[in-house]
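A lone chain, given as structure tokens: the form predicted on its own.
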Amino acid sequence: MNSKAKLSKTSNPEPWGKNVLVEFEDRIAWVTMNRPEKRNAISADLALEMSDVIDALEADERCGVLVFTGAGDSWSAGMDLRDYFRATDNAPPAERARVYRANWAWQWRRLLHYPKPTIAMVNGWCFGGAFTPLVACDLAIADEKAVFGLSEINWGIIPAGVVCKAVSKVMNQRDALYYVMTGETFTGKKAARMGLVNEAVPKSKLRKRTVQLAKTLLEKNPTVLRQAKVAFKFVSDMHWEEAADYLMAKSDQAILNDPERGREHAMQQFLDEKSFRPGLGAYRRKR
């Protein structure tokens, strides 16, 4: 049975329930941005709550994979213009910086190298600043009719924060510049073709496909999965020699820290028992 947290912080010690909802199901934590009346625009309050949520879920045994989605018909319309523009226009520089730091804290500083697997399930509108947490998630599945857009150019501003950096990591330069410069929208199906999301499926199959992907990740050795995804993200900005040395050290670290001794069991099953063939399935984990 699913257990959904919707209580306020005053009556629930768990740090969610207002701007962010959390639902646990078979070790999947469904993390929902909960401002449907604003198309889940990211306010300062949502950012602060989200930081607390992902910190809490890191140590929560009910959570093996995090899935980020949005309430209603949107993933997120991007940054809340009142909180991040109008309200800070005349604010002291220190206050303006504090508001922006709260948002960066979860969107990429925390989420980009989060120790547990993360999936963005894009169920509708995804605009502007919402591209950053989308890219920071490890994997992404979208409704094929979801609407994406870098519409900042139409507002007389640029895709700021680290949005341009984020899209440059997953989209090629021609595609990224086209949408940065035109402000035109595109569908989930086009987002998949450009590499912004892994795949796009009909809305009726979105949750089912996301659950399937999450369960695949839950079957993996969690220590090795964590090391593999973190290693990949770091080496993408390294030179070859640096990457070679780092990956060797990371491999040793994974073996040292793995309580399941996965490498040892896999080698035994492949070389000695002849019961495991890489590429045709995973080794049998001893948990």
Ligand code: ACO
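A quick note: this is a predicted structure, and the numbers were derived from the prediction, not measured. We number the residues from 1 along the sequence you see.
What comes next is about the form predicted together with the ligand, which does not appear here.
Residues within 4.5 angstroms of the ligand in the model of the complex, judged by any non-hydrogen atom, belong to 32 to 40 and to none of the other stretches in 57 to 65, 256 to 264, 32 to 40, 233 to 241. Although the partner is absent here, residue 151 lies within 4.5 Å of the ligand in the model of the complex, judged by heavy atoms. In the model of the complex, the ligand sits within 4.5 Å of a heavy atom belonging to residue 78.
In the model of the complex, residue 125 approaches the ligand with a heavy atom inside 4.5 Å. Interface membership of residue 129, defined by any non-hydrogen atom within 4.5 Å of the ligand in the model of the complex, is confirmed. Of the residues 98, 193, 208, 82, just one reaches the ligand in the model of the complex with a heavy atom at 4.5 Å or closer; this is 82.
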